[in-house]
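What follows is a pair of forms of the same protein chain, given separately as structure tokens and numbered structure 1 and structure 2.
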Structure 1
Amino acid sequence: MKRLALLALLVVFVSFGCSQQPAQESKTEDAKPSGVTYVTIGTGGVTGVYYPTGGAISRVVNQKSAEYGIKATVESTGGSVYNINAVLAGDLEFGVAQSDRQYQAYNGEAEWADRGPQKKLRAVFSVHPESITLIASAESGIKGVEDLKGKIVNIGNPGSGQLQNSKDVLEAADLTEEDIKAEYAKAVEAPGLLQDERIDAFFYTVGHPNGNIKEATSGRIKVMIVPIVGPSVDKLVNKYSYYAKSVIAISNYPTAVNDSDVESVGVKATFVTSEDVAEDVVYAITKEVFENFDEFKKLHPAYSVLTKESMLQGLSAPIHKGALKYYKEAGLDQYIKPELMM
């Protein structure tokens, strides 16, 4: 009986050991790194420009996924504020965000006032400009911002970022809301108001080409896109780091009365990350976008006015060390504000 009991125990022991061995091997296999780093880019709504921007970046990166071991995917999100918060929380590796939002987060303003400065936020580069676009009827005589005095001008609905942009431009030109007959309609309503001759002009902060601007320039009332230029713009850019000069390609609006591209100023769509994201990952993504620059520009009409230098403007958070490494190698660090090269 003892011999039978010992034999039974031996069988159980051997069976147990054999049954555990494959599981242990499986566990070891699961623990092995796949060799691929997956990163997610937060964008915006699928009908906006942020979503294809994330897609364009992921496309150039994924072409070299075998070389870098990086695979980028795109996620449609609520936009700038969501993306910044998700990047800081580690839920996203990268995000597209408006440059003024980047500034506000890093400095603990606006939505981040109660949480304080978000010092882990890092800039990578800026992408397409979101120009402060001033549209005026051709008969209004408005040739520049200073001509708005006494005119009926829609400056944006209360609570919108556009409203603050409009006020900033007016202030830089030594004008206030009291100097114009200000209207506060939503931007999407402004083209109809202009064509109905209920306003003389309107501001709209937007990436180009844009459907509402096409509507405004294609109606019965002839309109022009008014340049926003001169010393007032220099003052604005120097005062607020998130503003940058921009150019609106008039080829997007062939029915406007303009005969050349229009200079303006605006915020930027920027590409952001966290200081916690690995240096080699940020380096690889930055390198592929800049070294495939001509291909990248072709991926969306909004990129037609991009230059490598302009992609380093409008940033207010420190440059991620991985991106900075590439910029130094490429000689592009000369276009970065010294205070951003921490």
Structure 2
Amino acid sequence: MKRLALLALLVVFVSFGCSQQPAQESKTEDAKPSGVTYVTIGTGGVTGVYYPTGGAISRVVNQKSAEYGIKATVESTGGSVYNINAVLAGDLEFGVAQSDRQYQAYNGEAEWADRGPQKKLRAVFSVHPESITLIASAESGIKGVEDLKGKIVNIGNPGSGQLQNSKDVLEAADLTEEDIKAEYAKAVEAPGLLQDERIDAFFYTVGHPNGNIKEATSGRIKVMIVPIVGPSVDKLVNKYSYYAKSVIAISNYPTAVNDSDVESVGVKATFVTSEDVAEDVVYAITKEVFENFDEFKKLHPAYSVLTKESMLQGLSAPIHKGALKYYKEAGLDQYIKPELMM
């Protein structure tokens, strides 16, 4: 028995030792005296599009690890707000965040209202479009936002991008969190909760297609993607510059009960960093994404609409100087709003 315990301890010790980066690192350091800079990209839940986006960005930059001495890794997180705060605190070097959340952080609104404008936030580029996606069980009878009254609705975890979007959409329909039974679970848990009939509906601001909505629409319970439309939604889009009308292609989710594409409201996924992150690191990542654009675009179906020009739109924090250096070299700075080039 004692021997077994000792053996188990040894196994744990050895495998723990092997997983330590510094031990592996020393080899690389011998070969490259300057060492390797590790950067971490904050993403979202594993069934969303941010997680593979972090994977796609790290893939293109890690192909040139030997040249740049940069190794990017990806972390699954609670989403946009978490990522922005972690980047600002220096806990993460990069994060994926919704364009509306980038705007709010830089201007000191929503979750940042108490702390004021987050002037160290920097934009690198934007990625795929995201739609505020409302998913409901067919049985709940929810056909529009106004039907959410009295229902159990997951509006998003604190730290997510969607939490504020859900509140805005509810407010536009003259509803508050008090009018529904609000849940605050992570998006990754929502399809299971819906299929187990523990919630009637959930909000998720996300690019399409994605595994989360596939999971939600392909279970035992019949599910509908609920349109977010009407005069109140028009007002919402007119009020906030970061919201635009969007359409969710139903061909992505053939087992949903909808028979046509679903109108909604959208934002953009963006890639952000802090003023404090080194210029050469941001330059290298930006350059590798743009110089391998065709390869990058193939890494997720939500990127099918991307153009280099579109990746410079939807930003509201100043462009990081490392990224700007690349855009100037590549002649892409013509697509950037002048006020973001400081």
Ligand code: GLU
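Residue indices: 1-based, along structure 1. Predicted, not measured: the structure shown is a model, and the values here were computed from it. By rigid core we mean the largest C-alpha set that fits within 1.5 Å across both forms.
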Answer check: the form predicted on its own matches structure 1
Rigid part versus rigid part between structures 1 and 2; hinge residue out of 267, 97, 145, 56 | 267
Going from one form to the other, how many degrees does the smaller rigid part rotate between structures 1 and 2?
-> 48
In Å, the rigid core superposition gives a C-alpha shift for residue 168 between structures 1 and 2 of 9.3
Aligning on the rigid core, what is the distance the CA of residue 249 moves between structures 1 and 2, in angstrom?
-> 7.0
